[in-house]
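Given next, in structure tokens, is a single chain: the form predicted on its own.
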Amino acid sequence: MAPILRLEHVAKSFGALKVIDDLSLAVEAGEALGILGPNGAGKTTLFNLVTGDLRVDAGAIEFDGRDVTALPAHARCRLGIGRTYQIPHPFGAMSVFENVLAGAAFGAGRREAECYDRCIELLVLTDLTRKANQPAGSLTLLERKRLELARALATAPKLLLLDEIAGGLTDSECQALIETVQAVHASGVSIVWIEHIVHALIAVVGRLFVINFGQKLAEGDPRAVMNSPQVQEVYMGIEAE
């Protein structure tokens, strides 16, 4: 079976700064992959290239067996690439339910009336049913992150990209979010998760991919990767002997 996502020799620069440098990566269907790297390593830029928010300077991106390198973001979303953003930006004056409905109707390209039941299911999944009719701008940080996840899932993704969705949460909030992400993965959605909270990643993903200066530094079993002296030196500042 072909990978659900494949990047081949992808590159992206901003002026003289090379942010993604000849990077290749494959994600298998049904896999949960964690992406790790220091600040400025190019992680979010990588997501923006996959979703079509940015165009590659070189290389190719395939999704579900199709070359999507030249497709715009909305077309990739409707093919099945969903994402969350590091800083949630819900439509604050709209209700929580309306925010999720917007993701289903516009992201997935469906009629509103066809989306109601699925939106309710997602509010249950993300524990937001009690907040359904409240303005999204009134939510706590955890609730905003749950709404961000619900909106992404409303687009009916085959592949879900999570960008530091656990950042800023307490330990108990983080654990609750981990359980939700595990449930999403168990439903058959492939996941690629950028996260600095390593224990959250390891609880969900089966493989880690570490990047530094836009290049692959290491990949493999999460615990083996985290024990690598090279990764510890670059990511945690622990000098290798």
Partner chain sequence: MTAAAQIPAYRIERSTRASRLALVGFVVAVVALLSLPLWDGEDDLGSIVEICYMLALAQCWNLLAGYAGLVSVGQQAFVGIGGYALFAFTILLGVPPIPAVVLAGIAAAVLAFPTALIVFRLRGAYFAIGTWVVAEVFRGVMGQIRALGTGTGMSLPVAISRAVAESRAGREIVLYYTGLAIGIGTVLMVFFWLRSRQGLALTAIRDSETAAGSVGVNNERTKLAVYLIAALATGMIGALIYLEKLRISPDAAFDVIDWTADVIFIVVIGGIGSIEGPFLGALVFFGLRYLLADYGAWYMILLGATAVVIMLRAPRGLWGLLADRFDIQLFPVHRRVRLR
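In this text, the rigid core denotes the largest set of C-alpha atoms whose superposition between the two forms falls within 1.5 Å. Positions refer to the first chain, counted from 1. Everything numeric in this text was worked out from a predicted model, so none of it was measured.
Just so it is clear, the following notes concern the form predicted together with the partner chain, a form of the same protein that is not shown.
Interface membership of residue 133, the partner chain in the model of the complex, 4.5 Å heavy atom rule:
Yes, residue 133 sits close enough to the partner chain in the model of the complex that at least one of its heavy atoms falls within 4.5 Å.
Can you tell me if residue 83 lies within 4.5 angstroms of the partner chain in the model of the complex, counting non-hydrogen atoms only?
Residue-level check for residue 83: yes, a contact with the partner chain.
Is there any non-hydrogen atom of residue 159 lying within 4.5 Å of the partner chain in the model of the complex?
No, residue 159 stays farther than 4.5 Å from the partner chain in the model of the complex.
Do residue 71 and the partner chain share at least one heavy atom pair within 4.5 Å in the model of the complex?
Close contact is absent here: in the model of the complex, residue 71 is far from the partner chain, nothing within 4.5 Å, heavy atoms only.
Between the options 67, 57, 173, 53, which residue brings a heavy atom to within 4.5 Å of the partner chain in the model of the complex?
Filtering the options by heavy-atom distance leaves 53.
In the model of the complex, do 112, 124 and 151 all reach within 4.5 Å of the partner chain through at least one heavy atom apiece?
All three within 4.5 Å in the model of the complex.
Give, in sequence order, every residue of 92-128 that has a heavy atom within 4.5 Å of the partner chain in the model of the complex, or say none if there are no such residues.
Contacts from 92-128: 92, 93, 94, 95, 97, 98, 101, 102, 103, 105, 106, 107, 109, 110, 111, 112, 116, 117, 118, 120, 121, 124, 125.
Compare the position of the CA of residue 104 between the shown form and the other one after a rigid core fit and state whether the shift reaches 2 Å.
Stays below the 2 Å threshold, so no.
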